[in-house]
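Only one chain is included here, represented as structure tokens and corresponding to the form predicted on its own.
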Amino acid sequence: MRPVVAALLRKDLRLELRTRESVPAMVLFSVSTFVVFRFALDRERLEGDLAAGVLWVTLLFAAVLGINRLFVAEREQGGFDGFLLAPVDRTAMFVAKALLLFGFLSAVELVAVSVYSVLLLGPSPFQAFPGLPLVLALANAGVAVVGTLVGALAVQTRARDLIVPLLALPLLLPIVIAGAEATAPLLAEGGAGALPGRWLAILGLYDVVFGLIAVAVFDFLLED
């Protein structure tokens, strides 16, 4: 299965480098949203729960943009039909798309979180960085798994742009809650605190449970 995953990843990365449809749009949306929050809240610095909430809500909606585009090329160019006819494990497409979305999210966050820190975290913009990558990585894994599942389901319908947020937002709500709760101590007014292990464990458990569910049902989504 590994060669198939690698081939699919190369194809999708080349397509994104050529079209630049997903990552630039996600970055632009995130940065624009942080700018809006900066002036709408009229505050030079955010702390604690509010800072974490602004960060995670913005990243969530940016992720929805990426999920919307995840399977468009396969749908419009007949990629699904070719893949179903090939003598390969169909789970390879799920793994490849999940890895691709994880990479997109990580690339977006490199830019978006840096801009967020400068705009909204005041004189100590990078105080949360030592602990934040772990929280982001766990959350990205969950978003990638659920997003790939939702994207595969929604691309089969005519109302893809409507179905993706309707399905993805409720399913990703636990990630936003756990991510915000885990991030809030890092953005506390008195300085970055310790990472709360309970919320990290919840993120990890979410990743495992939905990963198993997604692998189990993905083949049926391709058939339909």
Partner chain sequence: MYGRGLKPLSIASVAALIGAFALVFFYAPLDADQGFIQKIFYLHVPLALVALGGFVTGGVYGIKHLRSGSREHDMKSYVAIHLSIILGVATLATGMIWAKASWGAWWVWDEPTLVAFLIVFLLYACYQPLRFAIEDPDRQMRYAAVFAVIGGAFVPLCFMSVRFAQAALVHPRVLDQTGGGMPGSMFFTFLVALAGMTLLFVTLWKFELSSKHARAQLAALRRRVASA
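This structure is a prediction, so every number in the text was calculated from the model and none was measured. Positions refer to the first chain, counted from 1.
Although not depicted, the form predicted together with the partner chain is the subject of the following passage.
- Annotated contact segment (heavy atom within 4.5 Å of the partner chain in the predicted complex): 150-158, selected among 150-158, 95-103, 111-119, 134-142.
- In summary, among the residues L28, V36, V57, L173, the only one with a non-hydrogen atom within 4.5 Å of the partner chain in the predicted complex is L173.
- For the chain shown alone, V23 is not a contact residue for the partner chain in the predicted complex, no non-hydrogen atom being within 4.5 angstroms.
- At a distance threshold of 4.5 angstroms between non-hydrogen atoms, A6 is out of contact with the partner chain in the predicted complex.
- Mapping the unseen interface onto this chain, F61 falls outside it, with no heavy atom inside 4.5 Å of the partner chain in the predicted complex.
- Contact annotation for E47: none of its heavy atoms lies within 4.5 Å of the partner chain in the predicted complex.
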